[in-house]
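Below you will find one chain, with nothing else, as structure tokens; this is the form predicted alone, and questions on how it binds or moves follow later.
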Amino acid sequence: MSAPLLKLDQLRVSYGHVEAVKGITLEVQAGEVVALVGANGAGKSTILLALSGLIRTLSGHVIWDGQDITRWRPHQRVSSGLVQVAEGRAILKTLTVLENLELGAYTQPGKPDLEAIFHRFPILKQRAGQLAGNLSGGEQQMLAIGRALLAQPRLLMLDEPSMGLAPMVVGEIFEILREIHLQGITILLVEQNVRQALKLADRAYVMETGSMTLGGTARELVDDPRIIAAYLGG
């Protein structure tokens, strides 16, 4: 197997005296979809924040395409292709849809390829002049994904993309992620909807209270009695 595109090596993160991530090691190969699943408060979102450089690590290393980027600033990570869609979507509600999208391309030279985003998300073209805060939850998630794609990610990290969405919309969002992956973008997905995450993923890791408890292929985990009992209603 080739060297991973992304590797976390014994990553530790704390909030004051509380250690939220306790020596996590994981890998993402180029071209994979890797899911990070577990209950609320397990430390999944903290890992993505650390990967994006938005919180400092206590110890350990973030290795990105063979480089140690543990101390890189957030904009350097985005410029290198490590791009996150934040939990809660983090759109700027008082700006228009178009303005939100244009912000996604701020690290990229030249004119952003808005037409490619509008082709993928026709509703965003229809709503381009509207305030982003007036979009539905599903439309806001599409906007957040479209904005991230304009940063030209090599690895797209998504934090709870199904949060707060109706089941039908959740299915639509995961189909969009499947299409993005088929176009060659590697994905690291944090998700409480374990069933949907394992349907999309090649491999998955399971976290509990800051530690990694299980890991394997999605096929292995979906049949694991512990996963069925804890997350799939078995």
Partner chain sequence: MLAQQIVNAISLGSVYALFALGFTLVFGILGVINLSHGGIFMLGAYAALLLISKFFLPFWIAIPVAMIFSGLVGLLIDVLILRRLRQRQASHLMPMIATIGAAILMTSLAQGLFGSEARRFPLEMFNDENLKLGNITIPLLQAGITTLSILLMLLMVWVLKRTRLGQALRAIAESPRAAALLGIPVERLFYLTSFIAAALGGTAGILIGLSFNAISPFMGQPMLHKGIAAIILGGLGDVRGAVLGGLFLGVAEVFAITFLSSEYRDALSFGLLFLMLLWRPQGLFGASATRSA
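Positions refer to the first chain, counted from 1. Throughout, rigid core stands for the largest set of C-alpha atoms superposing within 1.5 Å between the two forms. Remember, it's a predicted structure, so these values are computed and weren't measured experimentally.
There is also a form predicted in complex with its partner chain; it is not shown, and the following applies to it.
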4.5 Å heavy atom contact, residue 139 and its partner chain in the predicted bound form: no
Contact of residue 58 with its partner chain in the predicted bound form (heavy atom, 4.5 Å): no
Interface membership of residue 176, its partner chain in the predicted bound form, 4.5 Å heavy atom rule: no
Contact label in the predicted bound form: residue 107 to its partner chain, heavy atom within 4.5 Å: yes
Proximity to its partner chain in the predicted bound form, single hit among 39, 30, 166, 54 (heavy atom within 4.5 Å): 54
In the predicted bound form, the one of 156, 91, 145, 124 near its partner chain [non-hydrogen atom within 4.5 angstroms]: 91
Answer range among 168 to 176, 44 to 52, 64 to 72, 182 to 190 for contact with its partner chain, defined in the predicted bound form as heavy atoms within 4.5 Å: 44 to 52
Complete contact of 196, 214 and 220 with its partner chain in the predicted bound form (any heavy atom, 4.5 Å): no
Heavy atom contacts to its partner chain in the predicted bound form at 4.5 Å, residues of 77 to 101 in sequence order: 78, 84, 86, 87, 90, 91, 92, 93, 94, 95, 99
Residue 16 C-alpha shift between the shown form and the other one of 2 Å or more, rigid core reference: yes
